[in-house]
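Before any questions on binding or motion, here is one chain by itself as structure tokens, the form predicted alone.
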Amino acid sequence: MKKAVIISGAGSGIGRATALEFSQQGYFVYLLGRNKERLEEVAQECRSGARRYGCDLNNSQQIQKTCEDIISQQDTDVQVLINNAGVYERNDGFTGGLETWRKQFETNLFGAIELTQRVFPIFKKRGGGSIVNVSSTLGLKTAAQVSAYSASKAAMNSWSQSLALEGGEHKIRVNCVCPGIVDTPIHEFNKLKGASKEKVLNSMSSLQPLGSIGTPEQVAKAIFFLAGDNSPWTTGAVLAVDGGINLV
């Protein structure tokens, strides 16, 4: 039976890099996301095998159907869940409407909660498992104009630690990775090309103590470390992977 991982938001950025990292390490990868074409591209890159699911984490029926199909697979052993799907929108904390709050909490937190609850029976039945939630350094140290996003990620950090306490008796480890500024499609600068993008990246790099913004692959390696056999006694950790920007 092949060891397997479930990854939400697997079509691009950190999700894609994480899928490829796990595949390189011999995992069968269950890819969840809204863009089926991007998921298919990632699936073709996963040399250890993959199955894609068009799954919107704001849709309970899609989550249920996806998890039921994964559970029905007899040839894989799901050992890891990566809650990576997320949305990022700037907002005015004093005057902005609640819609952006609802959108970010529903995707960044509530969707991850529902997916985790659906996967929990798999881990309980097999006698253990590992969950890594992809949060943000904005959940540790906020900034102006991102109150909704920061609040959703701070809640994810706290939820991760609560799950770690509850999961201990079932041998389920739960940890959290908090990336800083990473070159992914969640940021507008990711769409820039050539000199324009280079200029923005250089200006942002100067903000980091390590002198550069992050790559999805760097975050993926941290996720794999927390998820796998190299950290068997680690649970409830909230790990900043951010070039040190959380210290500034």
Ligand SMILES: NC(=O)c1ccc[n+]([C@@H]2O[C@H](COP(=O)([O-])OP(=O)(O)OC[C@H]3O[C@@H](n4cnc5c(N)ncnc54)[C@H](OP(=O)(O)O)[C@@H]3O)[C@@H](O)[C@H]2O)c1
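These numbers come from a predicted model, not from an experiment. Numbers follow the displayed sequence, beginning with 1.
What comes next is about the form predicted together with the ligand, which does not appear here.
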item: Of Ile186, Met204, Ala43, Ile70, the one that lies within 4.5 Å of the ligand in the predicted complex (heavy atoms); value: Ile186
item: Candidate from Ser212, Ser48, Gln64, Asn35 lying within 4.5 Å of the ligand in the predicted complex - any heavy atom; value: Asn35
item: 4.5 angstroms heavy atom contact with the ligand in the predicted complex for Thr107; value: yes
item: The ligand contact in the predicted complex: Val174, any heavy atom under 4.5 Å; value: no
item: Contact flag, Ala164 vs the ligand in the predicted complex, heavy atom cut 4.5 Å; value: no
item: Distance check, Thr235 to the ligand in the predicted complex, heavy atom within 4.5 Å; value: no
item: Which of 74-82, 164-172, 90-98, 128-136 sits within 4.5 Å of the ligand in the predicted complex, heavy atom basis; value: 128-136
item: Sequence-ordered list of residues in 230-248 near the ligand in the predicted complex, where near means a heavy atom within 4.5 Å; value: none
